[in-house]
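Here's a solo chain for you in structure tokens, the form predicted alone.
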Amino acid sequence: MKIVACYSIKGGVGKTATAINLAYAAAQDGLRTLICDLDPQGASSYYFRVRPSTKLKADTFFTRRDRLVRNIKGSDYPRLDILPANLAYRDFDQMLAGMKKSRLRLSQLLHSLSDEYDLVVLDCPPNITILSENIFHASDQVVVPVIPTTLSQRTFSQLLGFYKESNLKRKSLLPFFSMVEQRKRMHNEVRQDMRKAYKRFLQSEVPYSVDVENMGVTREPLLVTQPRSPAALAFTQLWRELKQRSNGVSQGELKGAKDGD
């Protein structure tokens, strides 16, 4: 089983849209897929028309596997299930702080589902906490949407610094540009600078699109409602690129290793 996290320190960068469309693409590829909504706001749950999981609280999420499994819901799409969030998830860090091996609890929990699922996609809250460290340790790939602006450039640098200080594997950190507007000079300059500085940037870029914003209205993956739109095609390409990275080392990664990245 593989675990892919959609994560960013910064909010409003397209994490949930990415998680939803990647999960849908994986299920369409034949993978038994679970999207785990870890954000107390429950955006992924909302998009998939699944009500918040009122019975699953922070104090039982990591300790009662049986209760967690009972709260997994089927979606409207074959091979795609969702573990919905609720506001009680805001207490995750308080609970984790009192547990032994607190930074490994999520990994242990998710891998206990390996007989049921081929892929788990995590929709993550925007911060760096004990839960975030759990996400980093558990995930095979941490997919980071980056809007090409100076503020997003700064927050991504902070994330890289945290990985280095915590001795985490930066190879698993896979940023891509989100909400790209080609006509903006800053977007073009920041993309160029960041690709030079970090060699593992994915080639896929998701353009800014009203269609993505409308997912909150349609409450369906963009790959369902507008499969031929530029943003949907970009999400499809992103999924293919992640699969390629999962199956082997890309030329860019080899070059990055040689450059000491």
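Just so it is clear, the structure is predicted and the values come from calculations on it, not from any experiment. From 1 onward, residues are counted along the sequence shown.
Although it is not shown, the form predicted together with a small molecule is what the next lines describe.
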*Go through 190-198, 26-34, 64-72, 206-214 and give me the stretch that gets within 4.5 Å of the small molecule in the predicted complex, heavy atoms only.*
206-214
*Looking at 179, 144, 122, 82, which has any heavy atom no more than 4.5 Å from the small molecule in the predicted complex?*
179
*Please run the contact check for residue 13 against the small molecule in the predicted complex: heavy atoms, 4.5 angstroms, yes or no?*
yes
*Going by a heavy atom distance of 4.5 Å, is residue 22 a contact of the small molecule in the predicted complex?*
no
*So in the predicted complex, does any heavy atom of residue 47 sit within 4.5 Å of the small molecule?*
yes
*asked:* Test of understanding: in the predicted complex, would residue 238 fall inside 4.5 Å of the small molecule by heavy atoms?
replied: no
*Heavy atom distance at most 4.5 Å to the small molecule in the predicted complex, all of 4, 140 and 175*: no
